[in-house]
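Next up is one chain by itself, shown in structure tokens, the form predicted alone.
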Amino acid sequence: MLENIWLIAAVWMGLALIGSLVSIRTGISVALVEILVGIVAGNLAVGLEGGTLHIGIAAPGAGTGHLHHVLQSTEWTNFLALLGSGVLTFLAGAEIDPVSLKANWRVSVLIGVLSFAVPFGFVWFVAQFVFSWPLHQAQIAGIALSTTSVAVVYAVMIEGGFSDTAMGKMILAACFITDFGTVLALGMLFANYNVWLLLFVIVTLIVLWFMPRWTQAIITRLGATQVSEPEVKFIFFVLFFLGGLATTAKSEAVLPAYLLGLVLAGVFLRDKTLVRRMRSIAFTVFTPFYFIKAGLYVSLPALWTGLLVISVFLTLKIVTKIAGVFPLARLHYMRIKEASYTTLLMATGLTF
């Protein structure tokens, strides 16, 4: 029973179905609902297996109970979760109109940089000098709470119908700048510089240069209506290949995924059917594993035990995000409601 992969998949997809139904009923983004479903299911599972009313979740991979085991991460659920993150990030880049990006690149870069730099500096300072955390732990806290989540923001944008608007494209571009700052900070502070990192950078630049031409050639010569979907398979092949190189180089697979989406944005702009097909695949099969798995990592007992520290860090993150993003959004002629919406989206965090 424990190793029946079909039943395990059924449980995960059942949770995803519950998330979809709740999302439709409440109007809350399915990404956020699936995270909450993961939190409830994971913590409830451990409490039930322990035979008590206590709710909590052990570290992923721990536990021996049947239900708890079903909800633990395995190699294939981890892969599907990573794929969900990568494909969503790719689609977020592909949704950005190159013309709109050129028109708004200054504000996107400014918002993205300040959205990363202000929380990073303040949280690092508080963690090291107020809570007396060691240097590296304080740096990790600063990086983790300065980032945003392209995947979550993109999911919210799609459901809200904002992905095709100028504001939506600006926010997605700013999210990428913020997450790029995260990758750079991790690289400068913790990465191992080796030949694999150099190879990853060189190969990625070459692929990005030729990718629009290759993809358009496949669509033109083979047609975009083939039942075997060669263009979609080609994109997945390149995503897997660059993701593998990024992982080997101790970098993040979502970085080349987003860049790949950006360079293919023009192709996707001319072929909306292609982006809709990939979006359907992602939201149906891959992203539920990503968001539910994120929820499974949340321990309610740990949340309660560290409530004071967590509250301080959460407050710091929200306040510094407001300080870094809201004024620039207003300077970009956004109304207060739009500027507040932009600020709160930039304050999301999951990809890290």
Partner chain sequence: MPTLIAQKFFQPTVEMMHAWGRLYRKRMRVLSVEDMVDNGELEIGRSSR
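Residue numbers count along the first chain shown, from 1. From a predicted model like this one, the values you see are computed outputs, not experimental measurements.
Only in words, not in the display: the form predicted in complex with the partner chain, which the text now covers.
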Just one stretch in 236-244, 121-129, 76-84, 158-166 has heavy atoms within 4.5 Å of the partner chain in the predicted bound form, so which one is it? 158-166
Checking S311, T305, T26, T284 against the partner chain in the predicted bound form, the residue with a non-hydrogen atom inside 4.5 angstroms turns out to be T26
Could you tell me which one of R213, H136, R106, K272 places a heavy atom within 4.5 Å of the partner chain in the predicted bound form? R106
Are I5, E229 and S280 jointly within 4.5 Å of the partner chain in the predicted bound form, each by at least one heavy atom? no
Applying a 4.5 Å heavy atom distance criterion, does L32 contact the partner chain in the predicted bound form? yes
Heavy atoms within 4.5 Å of the partner chain in the predicted bound form: does S340 have any? yes
Do L184 and the partner chain share at least one heavy atom pair within 4.5 Å in the predicted bound form? no
Whether I322 contacts the partner chain in the predicted bound form should be assessed with a 4.5 Å heavy atom distance threshold; does it? no
Using the arrangement in the predicted bound form, list in sequence order the residues of 312-338 with any heavy atom within 4.5 angstroms of the partner chain. L314, I318, H332, Y333, M334, R335, K337, E338
